[in-house]
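Considered here are two forms of the same protein chain, supplied as structure tokens in two stand-alone entries, structure 1 and structure 2.
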Structure 1
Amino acid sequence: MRMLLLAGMALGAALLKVSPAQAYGVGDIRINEILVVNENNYEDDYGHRVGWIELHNTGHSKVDVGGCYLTVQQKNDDRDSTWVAYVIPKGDPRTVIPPQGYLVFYAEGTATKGTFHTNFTLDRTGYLALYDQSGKGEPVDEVTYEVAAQQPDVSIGVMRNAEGEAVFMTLPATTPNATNEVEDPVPPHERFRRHDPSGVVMTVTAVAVVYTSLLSLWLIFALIGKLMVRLSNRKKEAPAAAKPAAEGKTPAVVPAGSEGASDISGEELAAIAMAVYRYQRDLHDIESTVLTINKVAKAYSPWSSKIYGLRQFPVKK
């Protein structure tokens, strides 16, 4: 029992050490962007152009900033400085920032125009801080800037540098109620122009492409031409090779006594001639000159016969 009591006391002490910012999620709120000199930029609800402050919820749960403090170190005419704090009113549902959401406050110098109008301006200070609902301790977030260096309609805010670190710097464009990581889309030809302002790379690339294409076409047509010549030569050589073979199939009769003739006697030649004569005579048909016409009697007549369309006369016997 005593151990449970001691554990409860330790847990209570730990909870008491938790700051209200941690308890209510205000620790996820950051000062994301501010515009000090507003001449032709974002207007407030009354149509006035004044400096403004943008808060950003970097967490993944909604956070109510009602009761938090926006504090500046305001410089007076006598070169003294005073701390001016604006308490964000509680109970206004519009002060709830959704996850990864944004909320804009107008630094107009009067607190009588509504929840989002602060009682200080940004052109008389160089320090802005956000405190939790207690208003004490370390600020949740703070920003230091030079008022004299601010340009009209040019805001400063959180953005990642070349090393990937999130720093407060001059932004390329004002982005109220939106992320600061916005870059104007650059077309491909513009990016190429920036990398090759003189046009040398473009010229060399174009010439190389043209000559490479022409060389490729020349090689293709040369190979095709050689292939067609080979095929044509093969077609010409095939009949020339087949002609001697065909001529060799028919033996030539060489007369006796001529060059290359074999030793054949006269009787043999006569027998050969007689055999050739009889062979050629037997090839023709022997036809007679007698024509024979036979009458064919049919037992029926087809349906298309003309006898069905003629009148039959009686036969007298």
Structure 2
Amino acid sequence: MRMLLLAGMALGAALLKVSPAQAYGVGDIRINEILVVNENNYEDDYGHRVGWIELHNTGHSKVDVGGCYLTVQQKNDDRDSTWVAYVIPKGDPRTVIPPQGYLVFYAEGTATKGTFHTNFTLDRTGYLALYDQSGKGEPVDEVTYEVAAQQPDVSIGVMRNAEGEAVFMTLPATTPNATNEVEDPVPPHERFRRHDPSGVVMTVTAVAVVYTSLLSLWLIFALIGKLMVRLSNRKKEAPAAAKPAAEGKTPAVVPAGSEGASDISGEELAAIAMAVYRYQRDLHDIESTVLTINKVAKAYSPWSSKIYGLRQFPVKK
């Protein structure tokens, strides 16, 4: 009981330590992709091509980013009065990002075009950050980039490098409202073949896995088998077995190998059982075609009488 209480207290303490951002689910939001110079790329809902920011919900529940802050200005501390940021309007249902979903904001520099148009552009500071609804503390996510190095219509975003780590890098293609991991042109089986053209690695690995799984079953059941045999031997040796005999009763089943047990082997018993089974099955098979010398009489019924089904000749009287 005390252990349970302690575990509960530890859990409560852990929950209390969670930051407000995480509590609201905003902690799952990442800056996934940005395009600084947009010449011939994604158009906003006014038909203009401007820089854009893609947020991604990495979690498995929906998150409302209404009230969060987007900014291109680094903050000295929470009392920094010169800090300017774009507050994502609250109450707009479109700011709810579904699990694993995406949301694009247009960095146009005018805050009068609606929820998704920010009051800053991306081509000035080389910094972008997302703060939670409090606007205080550490940003939920932030990225830095070199403005001068940005190519037209080439976006930067989160992608896995050769080592499999997710890093912010130049992307091979712009993917607004979609994952940055564009489909691998080489299917996994072909990649496997390139590394193992003869199939030796596959053979050795797979046979080892199959062998290991069955070997472990062997070991476990060898152990269980020994335990079971020992248990059954102990039961046989138990003095309780003699009790029915002492009371003058015959045990219902005589254990094999014990005194008084039948000499019939298991194989013979199986053969007898099979013979009985076949005999009974055969009995069933000839049930419907019984050959008899007894007279068979069917009960008369006007319903089955043929005479009533035939047309009667008119009788002249």
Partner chain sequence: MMFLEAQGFFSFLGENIRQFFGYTGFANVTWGHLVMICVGLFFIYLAIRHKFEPMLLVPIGFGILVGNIPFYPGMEVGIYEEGSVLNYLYFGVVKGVYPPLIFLGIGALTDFSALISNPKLMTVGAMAQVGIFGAYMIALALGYTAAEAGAIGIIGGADGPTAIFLTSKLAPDLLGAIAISAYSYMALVPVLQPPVMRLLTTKKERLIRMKPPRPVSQNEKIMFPIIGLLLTCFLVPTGLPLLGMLFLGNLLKESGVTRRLATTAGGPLIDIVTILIGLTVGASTQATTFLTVKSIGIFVIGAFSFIIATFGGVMYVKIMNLFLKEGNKINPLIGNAGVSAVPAAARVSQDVGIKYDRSNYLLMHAMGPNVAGVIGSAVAAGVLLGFLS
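In this text, the rigid core denotes the largest set of C-alpha atoms whose superposition between the two forms falls within 1.5 Å. The model shown is predicted, which means the values in this text are computed figures rather than measured ones. Numbering runs along the sequence of structure 1, starting at 1.
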{"property": "Answer for which single form is the form predicted together with its partner chain", "result": "2"}
{"property": "Core-aligned C-alpha movement of Ile224 between structure 1 and structure 2 reaching 2 Å", "result": "yes"}
{"property": "Ala148: Cα shift of 2 Å or greater between structure 1 and structure 2 (core-aligned)", "result": "no"}
{"property": "Is_shifted Thr203 between structure 1 and structure 2 (CA, 2 Å cut-off, rigid core)", "result": "yes"}
{"property": "Value in Å for the CA shift of Met274 between structure 1 and structure 2, taken after the core is superposed", "result": "76.6"}
